[in-house]
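This text opens with one protein chain seen in two forms, each one given by itself as structure tokens under the names structure 1 and structure 2.
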Structure 1
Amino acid sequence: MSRIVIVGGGAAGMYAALIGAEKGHQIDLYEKNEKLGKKLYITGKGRCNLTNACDRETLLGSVISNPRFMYSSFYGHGNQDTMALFERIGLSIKTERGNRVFPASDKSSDVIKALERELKKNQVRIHLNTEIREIVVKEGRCVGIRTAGGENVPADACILATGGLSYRTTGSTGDGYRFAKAQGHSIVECIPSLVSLETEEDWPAKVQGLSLKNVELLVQKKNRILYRETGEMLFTDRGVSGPLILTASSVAGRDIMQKEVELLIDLKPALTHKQLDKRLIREFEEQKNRQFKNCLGNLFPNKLIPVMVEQSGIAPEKQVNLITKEERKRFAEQIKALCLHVKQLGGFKEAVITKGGVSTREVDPKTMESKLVEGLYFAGEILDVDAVTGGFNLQIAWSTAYAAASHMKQEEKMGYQIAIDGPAGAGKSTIAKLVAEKLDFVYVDTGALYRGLAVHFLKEGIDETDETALTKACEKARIDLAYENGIQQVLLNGENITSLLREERVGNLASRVSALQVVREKLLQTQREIAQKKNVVMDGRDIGTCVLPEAGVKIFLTASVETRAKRRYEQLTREGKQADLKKIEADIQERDHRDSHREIAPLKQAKDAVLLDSSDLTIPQVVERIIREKENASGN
């Protein structure tokens, strides 16, 4: 296990913390705000456009700055992976127009809640209201951080996920750029992006609030076309905004900074110049005795008419039949290319994202590790990568966070993991033991850990409904696994209690208390630590879904209730124990229901697990099938 410090508790920081913790690292997440995810909370007008359910090409094509840098991380963990992860952690999602993905509840707070819940479950240590002053580097390697309060926090690695400069009130004040610069990183000039544009002309203020649908926007600089698209735009008190403009700010942001960019709005993109002229002739003919200012109602929204009249240079009171051919032609030109000159980009205060940041040339695109400082990683908006609207910028955050957290170097080699989950009596332990033997892996029966805690509660006479007593008892219990002649032994505070584990009351209590957060939290890290260093076959209820979500092979082993009850009955009879088939069956059913309906880490098949129904398979056949899965997964 490595000790990793993450600076910044926004989208990228939380995601990196979760991935790192699931990989078995000890994570400390530092956030200077009083809570996590402040910017995430207001994104997408509070709905949080999580990602975009497009294909990979579209995903890459939506990145404006440094798309090639995103290639590896999008392929390593793309939009589909992000959607699967959010569903795995209990967030229902929905896809809307333009493939935009949102939480089903339309509440960004639910995204934050889901992430926070997982961070807690995975024992991430969250430090709120804690500002970081600097990254500590020794001999070219990051060895920790120093807080503004002067505390030195040693670490094996540090992920900077401090965001950009947009929405400063949410904490994005650019600290990360300063830390990176201090370590020799180049920072590409930061400018606001996905932002409104301020214009030299002040007439937009007269029509502020007016939204135009289906207009074509052409952005150009000295006749060079920078952007051209049809869609919706909006006039503001200082210029223009709306979807077309936001994208234009992203595509042409740097040119806009250097001035001389003009916007040409085609108000009638469906008509050619010739068709438009014909239309004007018809309108002018039908209303020939009216004044110019009163004959445009069929052509433009009312609010826009005074502006169009003013810009045309034609006297507003001029009788329509007196308008010359040249005036009409010029007016048609104006309709096809209503011109505005861009003064500047709107400010960081309202920009959705920041363009610029830590130069991607100095960061490994596969791992997000600095090429200058070992053990220093970057994730999210701090990097000089940005995309258009539609959930793509958050996907950059998720994918880079995943790359950083999952490529974190392990102090010790990570073991190979085979996860076997399934209901009571499905044969998990019998099969897992044999698979482990064949592969020379360590077998870990996690049910035994829960049973071990149950023995402790029984010994201490703990009332299972008394949460305080349970919490205290959990603190007092140390559960260790040991192996005698390759057979797993459970030690409770040093005492070998293996012989007590199979008692019926122990199994039933284990099933009941395993629904409790305090119990699951107690055992989660123990399980991960075991799987960290050794090759393991681990069986349980939530191994593939929760304990080892990255396991190389995941099996969901099951069999009909009758089969399982019959097998258990035969097992007990073989062992010379009293057994009642009907009672065993009822017991199994009750346990299945409880294990699969509890709120935390319920028994369920992981999306990427192989379903194996052993009702009609012999033990060697099941073992063989799993060995084959392992061989396929390892490519041999």
Structure 2
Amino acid sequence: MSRIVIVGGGAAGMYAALIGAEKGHQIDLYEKNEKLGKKLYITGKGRCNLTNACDRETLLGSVISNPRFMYSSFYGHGNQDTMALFERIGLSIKTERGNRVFPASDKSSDVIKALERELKKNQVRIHLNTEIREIVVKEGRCVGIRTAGGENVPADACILATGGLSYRTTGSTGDGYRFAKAQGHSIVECIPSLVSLETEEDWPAKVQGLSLKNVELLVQKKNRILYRETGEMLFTDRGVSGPLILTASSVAGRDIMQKEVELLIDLKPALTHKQLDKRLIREFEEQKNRQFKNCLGNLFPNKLIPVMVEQSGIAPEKQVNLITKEERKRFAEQIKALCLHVKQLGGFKEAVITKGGVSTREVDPKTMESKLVEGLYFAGEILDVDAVTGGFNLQIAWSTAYAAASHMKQEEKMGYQIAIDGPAGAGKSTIAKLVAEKLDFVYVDTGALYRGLAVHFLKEGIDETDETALTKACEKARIDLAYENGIQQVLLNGENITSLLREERVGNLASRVSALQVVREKLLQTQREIAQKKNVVMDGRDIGTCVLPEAGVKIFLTASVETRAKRRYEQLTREGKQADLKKIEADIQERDHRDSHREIAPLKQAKDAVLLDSSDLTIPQVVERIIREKENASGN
């Protein structure tokens, strides 16, 4: 296990912390605000456009700055992977127009809560209201951080996920750029992006709040086309905004900074110049005795008419039957190319993201590790990578965070992991033991760990509804695994309790308390530490979805209720114990419902798990199927 420090508790920081913890690292997450995810909270007007459910080509094509840099991280963990992860941690999502993905609740707070819940479950240590002064580097390697309070925090690696400069009130004050620059990194000039544009003309203020739909925007500089698209835009008190404008600011931002950029708005993109001229002739014919200013109601929104009249150069009171052919043609040109000159980009205060940041030339695109300082990684907006609107910038944060967290070096090489999940009585333990034996892997019966704690609670007379008592009991309990002649033994505070684990009352209590956060946190790290160091076969109810989400092979082993009840009945009978088949069947049904409906880590099949129904299979057949899956996954 490596100790990893992450600076910045925004989208990229939280995601990296979760992935790193699931990979078996000890994670310390530092955030200078009083809570995590402040910018994420306001993203998408409080709805949080998580990602975009487009194809991979569109995903890469939506990146404006340094798209080639994102190739590896998008392929390593793309939009579909992000959606699967959020669903795995209990966030319901939905896809809307333009493939934009949102939480089903339309609340960004639910995204933050889901991440915070997982961070807590994975024992990530969160340090709020803690500002970082500097990154500590010795002999070309990052060895920790120093807080503003003077505390030295040692670490094996550090991820900078401090964001950019947009929305400074959320804590995006450019700290990460300062840290990176101090270590020799080049910082590409930072400018606001996905931001409104201020214009030289002041007439937009007269139509402030007016939204135009289905117009074409052409952005050009000295007749060089920078951007052209059809969509929606909005007039503001200082210029223009809306989806088209935000994207234009992203695509042409650097050119806008150098001035001489103009916007041409086609108010009737569906009509050719010839068709528009015919339309004007018809409108003027039908209203030939009316004044020019009063005959445009069928062409433009009422709020825009005074501006169009003013810009046309045609006298407002002029009767339309007196308008010359040249005046009409000039007016048609105006409709097809209403011109505005860009004065400047809107400020960082309103910008959605920052364009610029740590130069991608100095960062490994596969791992996000600095090419200058070993053990220093970057994730999210701090990098000189940005995209258009639609969930693409958050996907950059998720993908770079995943790349950084999943490529940090382990102190010891992680073993190969086979995760077997399934309902009670499906034969998981029997099968897992045989698979482990065949492959010469270590078998880890996670259910036995939970049963070990249940034995402790029963011995201590702990009320399972008393959370305080459970917490104290967990603190006093030490659950260890030992192996005698290759057979797993469970030790409770040094005492071998293996013979007690299969009692019905122990199993039922273990099922009930395994849903409790305090119990899960107690055992989660133990399981991961074992899997990190050895080749393991681990069985339980949430191994593939929670404990070992990166397992090389995931199996969801099940069987019908009747089959499982019969197996349990025959096992008890062979052991000379009294057994009631109907009662066993009822207990199994109740336990299935309880395990699959519990709030924390419910029993469910991982999306990438192989479903294996053993109702009509022999034990050797099931074992052979799993070994075949392992061979296929390993490529041998």
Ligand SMILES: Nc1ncnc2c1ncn2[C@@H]1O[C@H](COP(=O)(O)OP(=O)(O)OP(=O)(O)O)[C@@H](O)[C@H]1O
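C-alpha atoms forming the largest set that superposes within 1.5 Å between two forms make up the rigid core. Along the sequence of structure 1, residues get numbers from 1 upward. Computed from a prediction, not measured in an experiment: that's the story for all the values here.
Given these two structures of one chain, say which is the form predicted on its own.
Looking at both copies of the chain, structure 2 is the one that matches the description.
Rigid core superposed, residue 274 Cα shift between structures 1 and 2 in Å?
That residue's C-alpha is offset by 2.5 Å.
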